[in-house]
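Quick heads-up: it's one chain on its own, the form predicted on its own, in structure tokens.
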């Protein structure tokens, strides 16, 4: 039997060894899911909704245990782990409230003789290869609406969040989801590749652009529904009329929350030259005040880097920025172990020749660039292959909306950042991915439309 070791990134301690899947076990789970899906689709929606309410209650009842597991295996500060679980609850509530009306049949034409109707049927069997940085969010954004709309799900959590993934599967099974309808798949990259090779009706992946491209290539000949939630290089612009202290504090939080390990983290900041120095002063002071330390300490704000190889990526961006003339304002070093630690890092005097301003960082590092005005800011914000989120801080809503309308991003923020709502679609442009989750559109993405032509005899 293959075993997957689970390590604490803050200490290097081995937390557990978990039995891992192989090609044969994955094929068996896929076959069982295929056989079980029709009966699951036939279960009344009211029963599925009741099940989700039981799942929600179980999350609330076990919240502290679940948060501790998440903190131990990912390195997320415990207060932020609790926040993730708290933030999951309104997402569950949204799916429970909106699924019935969203997937209801819709009559779109009736002249007395002919009626035209749009129906929504399940995709069938869905594969979900998920991420570690917000495992409750990104997994449940797929699993919950997929189940509610009648699909069976093969779910592979990231190997860096396997214990959390097993909690998700356990609680949904306890709430009433049959084991064959939701099957957990355990393992690293090779296991994910084997899952994607199954005859799936939908493939939903959250992770890096490089892996997303490989998945797209692997499934191209089979043409399943494909959704790829990939990376970001999220830009923000501070106009001269902004509340500078509020902008600095908000953007520092957006850059450093979850130790900067999010596709929607603030990674590039452009500041009007008239307020640049004041903004940088407040921003650096805010970052310096963030406590780095034991993720299980309630006072900790900056936790461990989950994946040890990312330390080299961050250090390379620091070295490149310094070599090209950037000014290091704080941080800039890998910290000694045990565990994976990187100082929260801020650069000014940056430009787009630097990898810091071009390539996704996925860590507690950010560059701040001075600009002369709106047009320069927009040009720089759009100088990227990514298109996930972007925002502007200004007191002028009209100016903000006009500026953000010119920016290539799936999500736009005015005077806020790094915010996700279940009521709004979460979608990337360009190398940030294809497809979407959340909102009523994110419920429908797990269905296929069926067109009905109904002639009265």
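Just so it is clear, the structure is predicted and the values come from calculations on it, not from any experiment. Positions refer to the first chain, counted from 1.
What comes next is about the form predicted in complex with a small molecule, which does not appear here.
Every residue of the trio 215, 231 and 307 has some heavy atom no more than 4.5 Å from the small molecule in the predicted bound form. Residue 362 is the only one of 347, 342, 362, 301 with a heavy atom lying within 4.5 Å of the small molecule in the predicted bound form. Interface residue among 269, 263, 255, 356, judged by heavy atoms within 4.5 Å of the small molecule in the predicted bound form: 263. From the list 72-80, 189-197, 235-243, 274-282, the contact stretch for the small molecule in the predicted bound form under a 4.5 Å heavy atom rule is 189-197. In the predicted bound form, residue 132 approaches the small molecule with a heavy atom inside 4.5 Å.
Although the partner is absent here, residue 413 sits far enough away that none of its heavy atoms falls within 4.5 Å of the small molecule in the predicted bound form. Contact check for residue 158: a heavy atom falls within 4.5 Å of the small molecule in the predicted bound form. In the predicted bound form, at least one heavy atom of residue 426 sits within 4.5 Å of the small molecule.
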